[in-house]
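A single chain comes next, written as structure tokens; it is the form predicted alone.
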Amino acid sequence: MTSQLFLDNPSSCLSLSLAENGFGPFFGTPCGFLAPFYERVERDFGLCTVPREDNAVGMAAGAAMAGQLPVVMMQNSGLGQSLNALASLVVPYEIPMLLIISLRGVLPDRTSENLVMGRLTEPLLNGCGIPTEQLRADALDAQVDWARDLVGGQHRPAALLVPPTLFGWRA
């Protein structure tokens, strides 16, 4: 039902739905695509800004060990930075956390430095055994429920992928 309240504001809808489903604390590195979501999370629920994505994953692992449902927010270039932490810590030890990853380098974002990670984001996550869903404004509640089942119920990591225009970015 949260989506019905914020059809024109997916960042508000997503942040509220995550909080209502027990997700937190929130860790992240800055990303222009995610800026409206970051601002909403920081204002309403608190956000720990971390300069490196692998450090954010490590901090989230600690929060998960304390029984929380942490969220790590990053752009997909940061996935490359954090891949070893995910593959050698989070996945083998089944540490539950939600990754929210912006999809730089996919249409309509055609910046050349982002194209490779744009193509590799989902295959890298799937290769690590981390299930993914690409966020859609008309399905946010269902997608948060999906993530809640995986992270909170099955105690495993999951990733929600944010397409470039979901939170208002324009080419």
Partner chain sequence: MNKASAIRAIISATTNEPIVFTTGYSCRIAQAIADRPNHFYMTGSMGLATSIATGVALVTGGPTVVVDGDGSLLMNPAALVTAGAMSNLGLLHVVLDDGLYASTGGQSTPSGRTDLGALARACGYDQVLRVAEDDAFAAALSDVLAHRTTPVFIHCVLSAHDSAVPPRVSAHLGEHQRRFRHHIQSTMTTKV
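Numbering follows the first chain given and starts at 1. Quick caveat: nothing in here was measured; it's all calculated off a predicted structure.
Separately, the form predicted in complex with its partner chain exists; it is not shown, and the next lines address it.
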Distance check, G58 to its partner chain in the predicted bound form, heavy atom within 4.5 Å: yes
Non-hydrogen atom contact F27 with its partner chain in the predicted bound form at 4.5 angstroms: yes
Its partner chain contact in the predicted bound form: P51, any heavy atom under 4.5 Å: yes
Distance check, I130 to its partner chain in the predicted bound form, heavy atom within 4.5 Å: no
Segment assignment from 59-67, 139-147, 116-124, 102-110: heavy atom within 4.5 Å of its partner chain in the predicted bound form: 59-67
Its partner chain in the predicted bound form - contacting residues of 137-155, heavy atom within 4.5 Å: H155
